[in-house]
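One chain follows as structure tokens, the form predicted alone.
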């Protein structure tokens, strides 16, 4: 059994991926109720691929919306612009609370319910598993996954350093509110507002719902409706815009921090427990989902007899990705603070489709580690000869998470690859059914 601490997008993605593979899983969270806010509202194109594989993309599409154009307000009026490159893949907007609700529904279809008010207070491990203490009761698991956020108990109990620093001294307030008076087909930004910027982004699913974000120089004792209304009116001059019903509020300071280890024995970290980023570029939630998607098939394979060394490749592959994303989001934050044009543009670097695992010990052949669009789990896939043409080889074996395991002209190389990892030589899925690997 796999025990997952944390029922956010990372923990839920991992739980679904494991449950659909027949792996017993429990998800515990110390929160007394499910999260309902819009934090982490941008789903990148690569994450949409994962959600498609998990069977929830239709629900996500139905509940969310495309990103609106930016409306940049200034002293001389306003200009409208797109954040994205023409013709490129674009993210999808859906509040994190709504995404989590969709993922919980999918998890429940596999017979697994999130256990709320279930606090992990300790754990020990040995060669055979982990003994965790949840609400004073011992739970035995094969592995423990810490997906319990930036203040992760699992990380702290392991004694792992969370190396980094605040990116900017400026704190931010974020709030989900009801507002009237602004067009809902635009994301309104006042970058030159004083004392700092303020923005109003329309949220999907509600006629008058917006996410208000603003920098603050002095932290209020309480974020109230009156406080938010006064700030919006003072900074924008738009006293005709109403503010009411703040259903979720938060204050935060952007940090760039990460661990230098994702695995300590039978305990592994994922998502914000392993890395936190500034929100610019919409990378944090999405990077956590990719952590889970990388880890899920590997955990299931090890539990089914694959080499334990397979779990070492999780850190090997994901830690450099997190470091790169941390640098990207920090750079975008700096540009937006300096009001540079590039700070409000998003291209392929934020889509996460270009990320690869080239150089990984799991990547073999000239194209090993590359992402293959539209080909993903739950099993390994052997591409047809026609599908292999862009890769200039005869055989391409695609991992369950959609990356090339090996590209080769010799089918024996594919057999040897799977044998080396002690993965079963069962028939592999192809676009035309199954391909036999023979002996």
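This one's a predicted model, so the numbers in the text were calculated from it and none came from an experiment. Numbering follows the first chain given and starts at 1.
Separately, the form predicted in complex with a small molecule exists; it is not shown, and the next lines address it.
- Among heavy atoms of residue 290, none comes within 4.5 Å of the small molecule in the model of the complex.
- For the chain shown alone, residue 39 is a contact residue for the small molecule in the model of the complex, at least one non-hydrogen atom being within 4.5 angstroms.
- Interface membership of residue 95, defined by any non-hydrogen atom within 4.5 Å of the small molecule in the model of the complex, is ruled out.
- Although the partner is absent here, residue 138 is not a contact residue: none of its heavy atoms lies within 4.5 angstroms of the small molecule in the model of the complex.
- Candidate site formed by 147, 174 and 271: every one of these residues places a non-hydrogen atom within 4.5 angstroms of the small molecule in the model of the complex.
- Contact with the small molecule in the model of the complex, defined as a heavy atom within 4.5 Å, holds for exactly one of 198, 267, 120, 107, namely 120.
- Proximity to the small molecule in the model of the complex, taken as a non-hydrogen atom within 4.5 angstroms, holds for one residue of 325, 285, 232, 132, which is 285.
- Note on the interface: of 374 to 382, 404 to 412, 28 to 36, 52 to 60, the segment with non-hydrogen atoms within 4.5 angstroms of the small molecule in the model of the complex is 28 to 36.
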